[in-house]
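Below, in structure tokens: the form predicted on its own, a single chain.
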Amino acid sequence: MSIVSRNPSTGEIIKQFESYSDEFVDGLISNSYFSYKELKKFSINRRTKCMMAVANILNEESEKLGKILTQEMGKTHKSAIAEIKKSALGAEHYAVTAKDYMADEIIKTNALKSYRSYQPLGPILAVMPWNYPVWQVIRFAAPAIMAGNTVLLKHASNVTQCALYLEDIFKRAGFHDGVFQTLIISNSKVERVLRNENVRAATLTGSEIAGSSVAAICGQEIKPTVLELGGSDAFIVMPSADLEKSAAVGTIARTQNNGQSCIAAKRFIVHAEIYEAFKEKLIKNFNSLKIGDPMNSETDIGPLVNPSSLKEVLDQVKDALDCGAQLLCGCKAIEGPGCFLQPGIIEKIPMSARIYREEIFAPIAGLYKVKSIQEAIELANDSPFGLGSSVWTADLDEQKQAINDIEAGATFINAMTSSDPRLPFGGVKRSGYGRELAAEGLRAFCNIKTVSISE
């Protein structure tokens, strides 16, 4: 079976790859297990040296790798470089902090000595998405490998060049061949990998359907999982907020990465007192965005990832308008080659509309009017998702209420939702479970062993 890498700006095929055979994949898994046994023997200092080399290569080759990202999934070249630089910081973070994150924790008991020890599990399958093809991988692989695990990457098929490039980086950084390996396989072959006894755990970033499938299989196999799934993040704006700043940041929060981000601000929930003023600023900002060639440094918005994604978004928009929602700007496909869409805003969205409940993976904002912080929080929580949230208010009581009552894995006050290697990342409800990044991200795939010594 051929796996195709296609440029979403032009529709042209960049490269094709042949899927690995079952026998070849079995060999890679065996190699991963053997390498895990070897990696366990590495001192933490040796792992640190190799991971710092990963960070250095990412920085040095950000322009080259960034071009591949742009060609394969359509993000602007400047945002591709920014993603790779952030990935380098993530690798560096775990190179520096892993020793502390994994340190034995002494616990006083009746024993002579007792402590909590963090030990690796073995080979881990990572099923990763196309929207952040480097950052999503590094934020899992760096802590997993620093903990002593090995990585089998099943990347999204349309970013296979990125996957192979990352594999090569880890090899050049000094890790032996089996520590980080890419599996060029179709989605239908993932179950076979998960059921291999040498694969000890799995992580997935992607759709609810994919996450549910992986979780079900791993549940049968009694293997731990971490799932980071979809999001329909609320962006709440209250009267005390800085409207100019909140509208400017909100524009970025909705349209970054061509609107294809799980933690993008998707539902703008605005107090009635400032609703019209905020709406006016947001429309002005959206209309000023430059759409076009993602390799151009002045471009703000590139194409959606593929024609099926564009069609799905247009169907969601049509459904909303048919249900009575009102179009404020944009939301139309741009004629010509590629999968380009005008960024847009919709208001007066009824509960019957698909986008009231579904994630919309494009630079399209839904605008909602509320009369209080309590109503804003209730609307924010009226979603099957619970990934991130952003709340704009200078009122300390409103801040506290939002932090305590919004059902999400993160709440950012007067800032857009983002991921940071120093902070845990993940969601609740149908946005998944488990945490990436920070100490939690490293320990997620560790055997947290109790050690008790009495004599």
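Note that residue numbering begins at 1 and tracks the sequence as displayed. All values reported here derive from a predicted model rather than from experimental measurement.
Below, we turn to the form predicted together with a small molecule, even though it does not appear here.
Practice task
With heavy atoms only and a cut-off of 4.5 Å, decide whether Trp130 touches the small molecule in the model of the complex.
Solution key: Heavy-atom contact with the small molecule at 4.5 Å: present for Trp130.
Problem - 4.5 Å heavy atom contact, Tyr36 to the small molecule in the model of the complex - result: Contact check for Tyr36: no, nothing within 4.5 Å of the small molecule in the model of the complex.
Practice task
Would you check, heavy atoms only and a 4.5 Å threshold, whether His93 touches the small molecule in the model of the complex?
Solution key: No, His93 stays farther than 4.5 Å from the small molecule in the model of the complex.
Practice task
Evaluate Val190 for contact with the small molecule in the model of the complex, applying a 4.5 angstroms cut-off between non-hydrogen atoms, and reply yes or no.
Solution key: Taking the distances in the model of the complex, the answer for Val190 is yes, it comes within 4.5 Å of the small molecule.
Practice task
Could you tell me which of 371-379, 234-242, 270-278, 147-155 sits within 4.5 Å of the small molecule in the model of the complex, going by non-hydrogen atoms?
Solution key: In short, 147-155.
Practice task
Report the residue, out of Ala365, Cys262, Met73, Val134, that has at least one non-hydrogen atom within 4.5 angstroms of the small molecule in the model of the complex.
Solution key: Contact residue from the list: Cys262.
Exercise for the section: Identify which of Ile169, Val214, Val317, Val179 has a heavy atom within 4.5 Å of the small molecule in the model of the complex; exactly one of them does. Expected result: Of Ile169, Val214, Val317, Val179, the residue with a heavy atom within 4.5 Å of the small molecule in the model of the complex is Val214.
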